[in-house]
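Presented as structure tokens, the chain that follows is alone, the form predicted alone.
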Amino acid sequence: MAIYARTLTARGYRSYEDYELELADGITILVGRNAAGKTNLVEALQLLTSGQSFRRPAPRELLREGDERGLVRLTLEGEGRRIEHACELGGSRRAFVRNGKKTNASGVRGALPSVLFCPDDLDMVKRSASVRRRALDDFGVQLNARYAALVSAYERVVEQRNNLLKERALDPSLLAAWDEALVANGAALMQHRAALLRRVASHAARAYEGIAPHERMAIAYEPSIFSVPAGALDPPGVTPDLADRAAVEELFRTRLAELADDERRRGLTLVGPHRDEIAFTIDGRPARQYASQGQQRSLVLAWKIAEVAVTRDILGYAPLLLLDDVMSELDEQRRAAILLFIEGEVQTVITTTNLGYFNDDLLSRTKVVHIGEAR
């Protein structure tokens, strides 16, 4: 049984003084001119389902200009439950609320994950590895509390270890303790990442085949502890074995020892999950170097379709799919691929400036909301 987002309320939030949006179980299209506030509503939906915004705003940036307090609230229904998520905004703080009780970002995750596809995602393949790592981790933390805890713990360890490496009088015993924390948390995170990526890669390959039948894509996790240059695995697309935790930890320690002098000189942790690569290939060739713009966009589209499929596999129902102004960035073939996909029982919110991207049959089964009237 699915869980659906029902009603979004925005008060003193971004461009909204007081606004309420009722969502369809199927497709809701938000149409309006540029800067009308469509993306603000998508951001609110993402914030109240994933606990974070793709814009990574400071709390004050979420407030409507001139307001000191604001609120966004989302009601969810399904499986015999009614859940209310809210984010209260005030000055330099924001506070999440679940069913009337204060919580944190993790408290609003998991009930209904969201998958966002926006124009910034379209160049994910050619950008730095940090963008691809973040995409995978942002997805993983919504599906698994252990994954979220590992990401948070590992980031804290790297930060503390970097601070220690910058000290002139470095205490070797203290560094050794942080090394072990880095190894333990890092090895666990690598295993979780690799497991999740295998699921994503399998579904993405099938989705890509539907878009480009004569090409074969693959996605590989390339850990920095293996000391393999990004995109240079042989054969391409094969992920090194991370199943043996003890072996991974020992290799991690070996790489730390090899890089010890360089790390001390630079004051940075140079190996671990924060340096790993997620590499796309098409027919065995690294996509970052050789894929055309159209192929890169097909890879990202396949990735997003795969996120929806993996969520179904794990939770038993689809996430909320948020398509923010991507129709104008895709050609007709890729628009057709995503429209065909979203008609399969995926609650979807689409923003656009042009309803001409959608045929009359789809529009007849879609809730269209015009954004930009006085509010």
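Numbering starts at 1 and follows the sequence shown. Everything numeric in this text was worked out from a predicted model, so none of it was measured.
Here the subject shifts to the form predicted in complex with a small molecule, a form of this protein not shown in this document.
Remark: Arg55 counts among the residues lining the small molecule in the model of the complex, judged by a heavy atom distance of 4.5 Å or less. Residue contact check for Thr28: none of its heavy atoms lie within 4.5 Å of the small molecule in the model of the complex. Of the heavy atoms in Arg64, some are within 4.5 Å of the small molecule in the model of the complex.
Although the partner is absent here, Gly51 sits far enough away that none of its heavy atoms falls within 4.5 Å of the small molecule in the model of the complex.
Shown here without its partner, the chain carries Arg14, Arg33 and Gly37, all of which come within 4.5 Å of the small molecule in the model of the complex through at least one heavy atom.
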